[in-house]
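Only one chain is shown below, in structure tokens, and it's the form predicted alone.
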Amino acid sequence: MDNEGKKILVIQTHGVETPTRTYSPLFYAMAAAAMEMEVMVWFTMNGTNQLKKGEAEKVQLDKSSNVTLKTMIQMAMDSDVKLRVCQQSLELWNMKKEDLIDGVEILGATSIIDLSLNADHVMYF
């Protein structure tokens, strides 16, 4: 099966308050990118808070490992996974552009409709 050029949209709704739900979406996004797919992770609802500067460093699933949520986010970006956040969710968390980690683009809520319609597959977490 030729996956090159396929578009995968990963919707992340879970944030730092549920650490066990933050790693998998990034892991799967990186796996799809390794398969030469175009991958975007859309952070909305509680997922937004993991993009706040200083928050991802606090999340570590395996205490015997040096891998934090920040590590996973950086690995995803290094794998050419695009990170996008919902503008309205930023407002929900009282966050502004300057509160976000580098490399995240802000898009309006209606963008998710177009992104979903144009993706070959949508994964929801």
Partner chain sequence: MSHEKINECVIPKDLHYSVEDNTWVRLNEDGTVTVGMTDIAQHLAGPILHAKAKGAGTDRKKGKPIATVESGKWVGPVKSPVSGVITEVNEKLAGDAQLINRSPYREGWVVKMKPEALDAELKEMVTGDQAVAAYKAKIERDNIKACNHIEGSDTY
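From a predicted model like this one, the values you see are computed outputs, not experimental measurements. Residue numbers count along the first chain shown, from 1.
If you look for the form predicted together with the partner chain, you will not find it shown, but the lines that follow are about it.
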Query raised in the report: Looking in the model of the complex, any heavy atom of Met45 within 4.5 Å of the partner chain?
Result: no
Query raised in the report: Does at least one non-hydrogen atom of Leu90 fall within 4.5 angstroms of the partner chain in the model of the complex?
Result: no
Requested in this report: Indicate whether the partner chain has at least one heavy atom within 4.5 Å of a heavy atom of Met30 in the model of the complex.
Outcome: yes
Query raised in the report: Do Glu38 and the partner chain come within 4.5 Å of each other in the model of the complex, heavy atoms counted?
Result: no
Report task. Can you work out whether the partner chain is within 4.5 angstroms of a heavy atom in all three of Ala56, Leu61 and Asp99 in the model of the complex? Result -> no
Query raised in the report: If you look in the model of the complex, which residues in 49-88 sit within 4.5 Å of the partner chain (heavy atoms)?
Result: Met75
